[in-house]
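Shown below, as structure tokens, is a lone chain in the form predicted on its own; questions about how it binds or moves come after it.
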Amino acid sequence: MSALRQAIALSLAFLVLLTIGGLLLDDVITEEFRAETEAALREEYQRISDRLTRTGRFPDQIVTAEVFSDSGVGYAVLRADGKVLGPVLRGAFDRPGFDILEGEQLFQPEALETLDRIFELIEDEAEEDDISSDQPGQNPGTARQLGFDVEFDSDADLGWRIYSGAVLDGRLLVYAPGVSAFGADLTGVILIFVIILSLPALVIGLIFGIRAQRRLNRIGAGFDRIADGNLDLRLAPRVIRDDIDELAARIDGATERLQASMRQMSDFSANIAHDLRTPLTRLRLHLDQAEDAEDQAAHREAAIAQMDDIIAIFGAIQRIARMQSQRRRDGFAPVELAAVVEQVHEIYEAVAQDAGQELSCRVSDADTINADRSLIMQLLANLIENAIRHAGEGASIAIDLSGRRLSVTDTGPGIPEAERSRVLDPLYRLDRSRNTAGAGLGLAMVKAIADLHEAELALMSGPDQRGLRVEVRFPEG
């Protein structure tokens, strides 16, 4: 569903829910008023019934002016001889209990005409309220003008609530204006309110929908250009205001990472072409000179050695690719870092001595981490081999393990700050290292292992800004 259609659907859903809520409110309020009216009728019925029971007889007649109580409840009596006392029709007494009647079903024609006159005058009286308030006593209530002690709502003629029952040898009926008029008014107000809100809600929904749709269309078009290779394009605005801007920012972030990966892949390809060219050229030269070589066995061994170097390079690249795919995390298990460090130190201590270097080790408060033990050993071995190869004779190499922080520091020439991020790329080598052994994969392998273990890897200068310090911080948990 497009953003525009979604906005329209939400606007319509809002109106539907608003209508349903209004109708439910109408039902609740109407029911509350109905319950109050019935309680008043029951109370008035009981009061009149008790009075008639005490006197033991019905009155000879009911004065119209006294027929309504202060709460607006009127009454009438049907005597045993069939005479009706009060303004109601004989047939109204045939409905025992509670019921709702129209004015024509309840009142005698004369009383109904009187009520109609009351309701017509009530409308006029409302317009004269201001005058009567300035001149008190000159405009008495319309109901009182017509002989009733109580005043009615002008809409009460739309329904009357009655309650009828047996009293003495006859029947008693009490009645009061119903609540249907109020319910009709409330329903009308709700419908008018919904109609008034419908147009603005739809217009606002359309405005927001069209605006969101345009922004999504722009992002979609930009995404197509990125897919076509325009990785310099950015979609997010300067200020992030909502989820759509956040989506554009995330696309920009993914584009930047893709651009970095493409650049790294390009550099990687160039490095492969550069570094494999030498051993392949030597191998070709050996093959060309194979027939003229005096020592065929030594010549063949040299060619095999060249092939082994090439195979080793491709093997290292393959291992890095596997680690970057995160597929080796299945083999993780608890690993005591102290044991790994001490084992690797024991292996390389003699190697460093043969190179005229000193390899020291310090372990304090070492932690156990969830890791691949063989990869952690390879990470540390690569760092030590890199230090032995490039630090030079007489250098000091120190292994330091504290908690989850592992570092290798040497006193060699170090790595320029601008080159520290690039030496982590596969096959990238400093210019001064082009003539030394190695293929530029040691630190790339260290980075791949660190990434696989979600560890932080940092290259920095050693103490007194000398040499190189490589620090790996394994995560907690």
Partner chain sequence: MRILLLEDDPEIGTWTVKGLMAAGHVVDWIENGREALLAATTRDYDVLIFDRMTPDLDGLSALKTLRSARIATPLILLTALGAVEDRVEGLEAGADDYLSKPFAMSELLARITALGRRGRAEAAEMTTRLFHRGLELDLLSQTCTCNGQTVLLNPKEFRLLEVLMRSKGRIQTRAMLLERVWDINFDPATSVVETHMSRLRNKIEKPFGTEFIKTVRGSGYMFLD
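In this text, all values refer to a predicted model and were calculated from it rather than measured experimentally. Numbering follows the first chain given and starts at 1.
The protein also exists as the form predicted together with the partner chain; that form is not presented, and the subsequent description refers to it.
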Next item on the list: State the residue from Ile192, Val351, Ala339, Ile207 whose non-hydrogen atoms include one within 4.5 Å of the partner chain in the model of the complex.
Entry: Val351
Next item on the list: Note which of Arg322, Arg250, Lys83, Arg284 lies within 4.5 Å of the partner chain in the model of the complex, where distance is taken over heavy atoms; exactly one does.
Entry: Arg322
Margin query: With a cut-off of 4.5 Å between heavy atoms, is Leu258 one of the residues that contacts the partner chain in the model of the complex?
Written below: no
Margin query: I'd like to know if Glu346 sits close to the partner chain in the model of the complex, meaning any non-hydrogen atom pair within 4.5 angstroms.
Written below: yes
Check: Might Asp94 be said to contact the partner chain in the model of the complex, defining contact as any heavy atom within 4.5 Å?
Finding: no
Check: Even though the partner chain is not shown here, does Ser374 get within 4.5 Å of it in the model of the complex, heavy atoms only?
Finding: yes
Margin query: Does the partner chain, in the model of the complex, lie within 4.5 angstroms of each residue among Glu36, Ser49 and Glu104, using heavy atoms as the measure?
Written below: no
Check: Okay, which stretch from 229-237, 216-224, 107-115, 382-390 lines the partner chain in the model of the complex, with non-hydrogen atoms inside 4.5 Å?
Finding: 382-390
Item checked: Neighbours of the partner chain in the model of the complex among 299-319 [non-hydrogen atom within 4.5 angstroms] -> Glu301, Ile311, Gln318, Arg319
